[in-house]
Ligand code: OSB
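One chain comes next, on its own, written as structure tokens: the form predicted alone.
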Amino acid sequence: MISGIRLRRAHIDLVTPFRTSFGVETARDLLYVEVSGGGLTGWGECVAMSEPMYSSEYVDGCEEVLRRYMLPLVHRNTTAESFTDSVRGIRGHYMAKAVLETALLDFRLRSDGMSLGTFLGATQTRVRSGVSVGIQPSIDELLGVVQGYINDGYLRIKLKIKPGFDLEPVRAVRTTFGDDLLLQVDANSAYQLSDAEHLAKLDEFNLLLIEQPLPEEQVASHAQLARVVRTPMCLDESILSVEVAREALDIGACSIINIKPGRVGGYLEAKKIHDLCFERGVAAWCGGMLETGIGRAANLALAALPGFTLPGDTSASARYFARDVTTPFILRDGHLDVPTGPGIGIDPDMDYLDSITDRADEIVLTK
């Protein structure tokens, strides 16, 4: 039974700036939800960024909607499933929903002594790891960064691209590292359908996929683009639910899906999207949002499901942080181990977490 909930705000620096088509991140503004009772605490990590650039959600907004609309719906016997049902009338705010659902799910699974991986149906004990490479100041610097990650043992390289930084960097990476390198690109909605012929020039580089080239609202336009570009189309920002995923597949808007739990409202919905892809034989992979170890552990549990056939973005802790808030996840032979303990299977280092915490507010349960 739940006895208390806490909202924790913290901050952590990235080891290097991370540049995409929508901006540069140098740190993570963190929001955690802690659900406690009976000596146990369930954890959820909000994946929203400080500003509404990747998505319309941002971390301060997530905290506000949690306080005003979602936390008042939680009582001592609330479960992840009952919470999900209770917030169906709240439009959007997927990342806010996801962080609270995850904390509730982690709390119950810790109480039951079951790992999140087992609950979701994981079939793997290790997950293949890829890495996302931000836009670099020059191609020479990009090649140096990619070489470093290859030396680290990452099994797949994803290049962030944008208009003006696309064909030449991709050509340079492919030429330098050869055709055996698993290589894909991510545009984060930076292009328009009128760029179709330009994007088709990426076909010569034998890429695994092109991720989210057009704005998220333009699902049908991705179907048009897919008729011009031979490289497999992957949707990320557009996929907000299993219903959207089904329609996108039905109209040929994509042949691969990046499943991000925070973007779809939590792990329960992410599992439904995985199951849809698995049933249809559609390739899927688990995306990342620069999570600390708390969110990274939960993503590994999801990525261990059988339908995740491509290496995901769940990289080692050292990819982003000099020191993680949990025991660091370490890359071994291109893989990360899936936690097997109850719930997400890992606990934060409370001394370190407290040292980077800006404030922690107790929420009074009214029921």
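Remember, it's a predicted structure, so these values are computed and weren't measured experimentally. Quick note: we count residues from 1 along the sequence shown, nothing fancier.
Absent from the display: the form predicted together with 2-succinylbenzoate. The rest refers to it.
Peer 1: 2-succinylbenzoate isn't shown here, but in the predicted bound form, which of 101-109, 78-86, 258-266, 245-253 has heavy atoms within 4.5 Å of it?
Peer 2: Among the candidates, contact is made by 258-266.
Peer 1: Is D313 close enough to 2-succinylbenzoate in the predicted bound form to count, meaning some heavy atom within 4.5 Å?
Peer 2: D313 belongs to the contact set for 2-succinylbenzoate.
Peer 1: Is it the case that A122, even though its partner is missing from this view, gets within 4.5 Å of 2-succinylbenzoate in the predicted bound form, heavy atoms only?
Peer 2: Although 2-succinylbenzoate is absent here, A122 would stay clear of it in the predicted bound form, with no heavy atoms inside 4.5 Å.
Peer 1: M49 versus 2-succinylbenzoate, in the predicted bound form: is there a non-hydrogen atom within 4.5 Å?
Peer 2: Because a heavy atom of M49 falls inside 4.5 Å of 2-succinylbenzoate in the predicted bound form, the answer is yes.
Peer 1: Please tell me whether any heavy atom belonging to E216 falls inside 4.5 Å of a heavy atom of 2-succinylbenzoate, as the geometry stands in the predicted bound form.
Peer 2: Contact check for E216: no, nothing within 4.5 Å of 2-succinylbenzoate in the predicted bound form.
Peer 1: Does each of K160, N188 and E291 have at least one heavy atom within 4.5 Å of 2-succinylbenzoate in the predicted bound form?
Peer 2: Yes, the whole trio is in contact, each within 4.5 Å by some heavy atom.
Peer 1: Heavy atom within 4.5 Å of 2-succinylbenzoate in the predicted bound form: which of S238, S132, T231, S115 fits that? Just give me the one.
Peer 2: Exactly one listed residue reaches within 4.5 Å, namely S132.
Peer 1: Taking 4.5 Å between heavy atoms as the contact cutoff, choose which of F308, Y320, F329, Y32 touches 2-succinylbenzoate in the predicted bound form.
Peer 2: It is Y320.
Peer 1: For 203-219: residues with a non-hydrogen atom within 4.5 angstroms of 2-succinylbenzoate in the predicted bound form?
Peer 2: Heavy-atom contacts within 4.5 Å come from E211 alone.
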